[in-house]
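What follows is one chain in structure tokens, specifically the form predicted alone.
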Amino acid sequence: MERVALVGFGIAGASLAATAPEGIELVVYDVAGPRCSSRVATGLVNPIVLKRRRVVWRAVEALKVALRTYPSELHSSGPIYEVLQTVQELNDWQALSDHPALGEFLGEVTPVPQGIHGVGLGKVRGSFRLNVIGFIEHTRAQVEVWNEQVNEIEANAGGSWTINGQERFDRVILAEGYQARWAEHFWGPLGFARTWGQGLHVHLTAEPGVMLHRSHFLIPEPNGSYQLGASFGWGIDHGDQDPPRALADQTEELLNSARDWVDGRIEVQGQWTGIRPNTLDRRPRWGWHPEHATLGMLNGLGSRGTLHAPLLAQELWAAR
């Protein structure tokens, strides 16, 4: 039995736990708190960059693994729809359905629901929403979790590791999210470009009832409210920062953007903020250390974490 320490338990850590092969005794170090980006993430699994009309990196294979990894009861029942506001946009959507890469994901155009300005809704095939917190808690219940801060990771002769001066492991995998304290300690600068986002919980006078995208995402919640967001901002210098407070100008930016395509009154009921573990080249960081073969990492998933995490976790285990 191989004893493995997993540091961090957001979407990356939970995916590593869910895809762990037989013969692994997994111990999770996780101090749940405001720095876990996955706990405020909307959980959209979306193979298309809708603003640019292009397929996400490795979307086809990532979707297949995501569907095998995430329990079906934690999926949304419907896909994302792009709001098409002009006849030209509608025609472009239909024309791109013959594209060799995009065509697999651009579905049929359906009528616009109540409360939305547009000429049609373009269905994004393969898209769904994951209950991220539900998945984390579902997976967390199946592993040993220590609510303990990692203050020391020491390499031993023979490739094993000692954490906090007392616990010995055959391997260590770092899935720390945007903080990346230990990953950057061992690998050096990883090209992180941490960004913060703000979202709103809103009530709508006219409810469309489906997941929509135009300038931002509008996502129905089980309690009848909607989630609107998220904004995108730079200025997170390092991983020691906590998510910033919600800003009034960001709230107004989101509301003004939504008013261009949402009818009726939009009432703000709550706000949230989070920090995305983005990288400068928009590529995740995963693999085993070039000098310490038993030290692994999965990080830098950015806003596509729910799509890519299961695939990259599976590949990390396979390469051990």
Ligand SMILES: Cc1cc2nc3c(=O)[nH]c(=O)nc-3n(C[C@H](O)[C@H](O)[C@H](O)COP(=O)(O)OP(=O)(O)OC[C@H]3O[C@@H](n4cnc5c(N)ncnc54)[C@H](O)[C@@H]3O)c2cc1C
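Numbering starts at 1 and runs along the sequence shown. All values derive from a computational prediction rather than experimental measurement.
Just so you know, the form predicted in complex with the named molecule exists too; it's not on screen, but the next bit is about it.
**Student:** Taking Ala20, Ile24 and Thr294 as a possible spot, do all three reach the named molecule in the model of the complex with a heavy atom inside 4.5 Å?
**Tutor:** Verified in the model of the complex; spot residues all out of contact, no.
**Student:** Using a 4.5 Å heavy atom cut-off, which of 244-252, 177-185, 92-100, 110-118 contacts the named molecule in the model of the complex?
**Tutor:** In the other structure, the partner sits against 177-185.
**Student:** So in the model of the complex, does any heavy atom of Gly305 sit within 4.5 Å of the named molecule?
**Tutor:** Contact with the named molecule, yes.
**Student:** Can you work out whether Tyr29 and the named molecule are in contact in the model of the complex, taking contact to mean some heavy atom pair no more than 4.5 Å apart?
**Tutor:** Output for Tyr29 is yes: heavy atoms within 4.5 Å of the named molecule.
**Student:** Pro79 versus the named molecule, in the model of the complex: is there a non-hydrogen atom within 4.5 Å?
**Tutor:** Pro79: no contact with the named molecule in the model of the complex.
**Student:** At 4.5 Å between heavy atoms, is Ile275 in contact with the named molecule in the model of the complex?
**Tutor:** Contact check for Ile275: yes, within 4.5 Å of the named molecule in the model of the complex.
**Student:** Which one, Val143, Leu106, Ile236, Val150, lies within 4.5 Å of the named molecule in the model of the complex by heavy atoms?
**Tutor:** Going through each option in turn, the one that passes is Val150.
**Student:** Note which of Ala230, Val83, Leu204, Met211 lies within 4.5 Å of the named molecule in the model of the complex, where distance is taken over heavy atoms; exactly one does.
**Tutor:** Selected residue: Ala230.
**Student:** Within 4.5 Å of the named molecule in the model of the complex, which residues of 1-23 have a heavy atom? Give them in sequence order, or say none.
**Tutor:** Contacting residues: Val7, Gly8, Phe9, Gly10, Ile11, Ala12, Gly13.
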